[in-house]
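A single chain comes next, written as structure tokens; it is the form predicted alone.
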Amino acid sequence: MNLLGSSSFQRLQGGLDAANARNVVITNNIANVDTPHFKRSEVAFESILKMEMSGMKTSLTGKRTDPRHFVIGPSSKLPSSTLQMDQSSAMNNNGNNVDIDREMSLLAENQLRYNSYVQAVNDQIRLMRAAVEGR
């Protein structure tokens, strides 16, 4: 019996993984604020998850006769976060496009998002514990 394998728990785990990856990317952007020709990166997860959950993808599915075959069409697998590099803008004359104020605000926002995911995971575990113990 897999109590933590529900789709909502997997979505929360994906959100936690994305928030963790986003923290690494933002701190890398901040560390390279003075590096000439450095281009900032960002992690996209919530927009991809929203598209997947709203059904904005193809409805065609392929029939799989073997579990080793590729999945064609919608799958129950959660999307993973993607790394995107901003090549189009420049903040400084040296070609660097990192705005330290923006990165610091994104870091604070990501921390709040991470804390909310942790709180949601803790709430789900508390509910499962209450259901198992009967209290």
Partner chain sequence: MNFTGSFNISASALTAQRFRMDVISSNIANAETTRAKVENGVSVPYRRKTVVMEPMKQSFDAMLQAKMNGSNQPVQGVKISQIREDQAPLKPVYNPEHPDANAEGYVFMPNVDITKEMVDLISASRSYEANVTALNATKAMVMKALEIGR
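Positions refer to the first chain, counted from 1. As the structure is a prediction and not an experimental result, all values here were calculated from the model.
This protein has a second form, the form predicted together with its partner chain, left out of what is shown; the following refers to that one.
Interface membership of residue 47, defined by any non-hydrogen atom within 4.5 Å of its partner chain in the predicted complex, is ruled out. Proximity of residue 124 to its partner chain in the predicted complex falls outside the 4.5 Å heavy atom cutoff. Within 4.5 Å of any heavy atom of its partner chain in the predicted complex lies no heavy atom of residue 86. Its partner chain in the predicted complex comes within 4.5 Å of no heavy atom belonging to residue 53. Heavy atoms closer than or equal to 4.5 Å to its partner chain in the predicted complex belong, across 19-52, to the residues 19, 20, 23, 24, 25, 27, 28, 30, 31, 32, 33, 34, 35, 36, 38, ordered by sequence position.
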